[in-house]
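Before any questions on binding or motion, here is one chain by itself as structure tokens, the form predicted on its own.
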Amino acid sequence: MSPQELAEAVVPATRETRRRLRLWPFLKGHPQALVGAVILIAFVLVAVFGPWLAPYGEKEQVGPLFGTPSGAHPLGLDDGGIDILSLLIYGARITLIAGLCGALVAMLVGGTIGIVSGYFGGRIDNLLMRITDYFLVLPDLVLLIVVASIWGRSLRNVIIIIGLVYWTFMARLIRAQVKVVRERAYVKRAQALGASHARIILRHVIPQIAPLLLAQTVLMVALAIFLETAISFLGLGDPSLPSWGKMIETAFDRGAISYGAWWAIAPPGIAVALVIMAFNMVGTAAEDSLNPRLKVSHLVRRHFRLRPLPDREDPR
């Protein structure tokens, strides 16, 4: 088989992948993804233009301790008399950066290990999967505390911690998909024609697993934001940055519950819940759209239905 014929065999699959990656048809066909995308765009705009949108500075005392919500301060004040709405706007940037960068680290590490392990197999596969298993059995909370204690409390370390916790799930998932792709006819033909491993991985394997990789990365951002909030709530985040988890941790430490200042805890908690829900909505819809196997599976909850029994003739 000539290289031209091989390229023609791969074109339909590549075109199908590009077709499924088009944004507007995807959002138009999935209302939940459209709602999630609108929520995410709103939070991203707030994070980008935060310094111009915030009514006060992030460390500016503008009223009494735990001041109640009012016209001047719609979300009230925290324990330092700082406007919570302003803190919420400034914290959006830190939380989103930590979640996105942490998910990218997990995707790069886990995706690379999964591709190498699934494509080469054999001893390399066994070695990499044993390392993955060791990381899987490590307790997440213990790993968080140990790494944060050794490396210190900073945004960079929080991102690295998120990557260390979540890369294992990505590695195992991508490995399983690569094992399927490497057995396809066009990959075998490329190997028979003498194509290098790097060329096969870059030109034939990665384009086929890209939809799955993209969908799982979107879902992983939600997990990364949740983990960043948990890290900050435990006091292991950067103390100088006003993330949403840091706001919740500060409110608990300074006795917001004793004061009855629910407004110091509820806004950042609701913001975290909304962002996680939005990423889950987009990621789940993307997984359904980009992974054709989910459309025909009889065990997927969203597509499961009972078929009517066939009519039977009356024995009488």
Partner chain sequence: MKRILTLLLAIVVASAIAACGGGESTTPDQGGGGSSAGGGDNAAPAVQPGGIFRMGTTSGPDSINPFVSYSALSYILYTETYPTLVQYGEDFEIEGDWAESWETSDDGLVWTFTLKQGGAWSDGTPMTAEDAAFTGNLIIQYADGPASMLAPFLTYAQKVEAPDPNTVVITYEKPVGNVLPQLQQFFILPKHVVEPVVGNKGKGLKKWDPVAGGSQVGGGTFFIKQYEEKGTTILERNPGYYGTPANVDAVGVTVYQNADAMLAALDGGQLDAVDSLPPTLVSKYENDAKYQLQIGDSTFIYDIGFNSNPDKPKRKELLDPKVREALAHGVNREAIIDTVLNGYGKPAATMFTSLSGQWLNTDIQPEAFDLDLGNQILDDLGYAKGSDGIRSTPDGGKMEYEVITPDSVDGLDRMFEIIAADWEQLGVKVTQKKMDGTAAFEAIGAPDWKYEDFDIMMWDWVGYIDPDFMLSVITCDQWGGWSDTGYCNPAYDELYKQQATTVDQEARRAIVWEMQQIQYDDKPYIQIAQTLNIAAYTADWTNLKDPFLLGLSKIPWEQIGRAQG
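This is a predicted model, so every value here is computed, not measured. Residue numbers count along the first chain shown, from 1.
Keep in mind that the form predicted together with its partner chain is not shown, yet the notes after this line are about it.
Using a 4.5 angstroms limit between non-hydrogen atoms, N280 is distant from its partner chain in the model of the complex. Of the heavy atoms in Q61, some are within 4.5 Å of its partner chain in the model of the complex. For R153, a non-hydrogen atom is located within 4.5 Å of its partner chain in the model of the complex, even though that partner is not displayed. The closest non-hydrogen atom of T250 lies within 4.5 Å of its partner chain in the model of the complex.
Checking M129, I82, C101, L88 against its partner chain in the model of the complex, a heavy atom within 4.5 Å turns up for just one residue: I82. Scanning G235, P74, P207, G121 against its partner chain in the model of the complex with a 4.5 Å heavy atom cut-off leaves one residue, G235. Annotated contact segment (heavy atom within 4.5 Å of its partner chain in the model of the complex): 253-261, selected among 253-261, 48-56, 271-279, 33-41.
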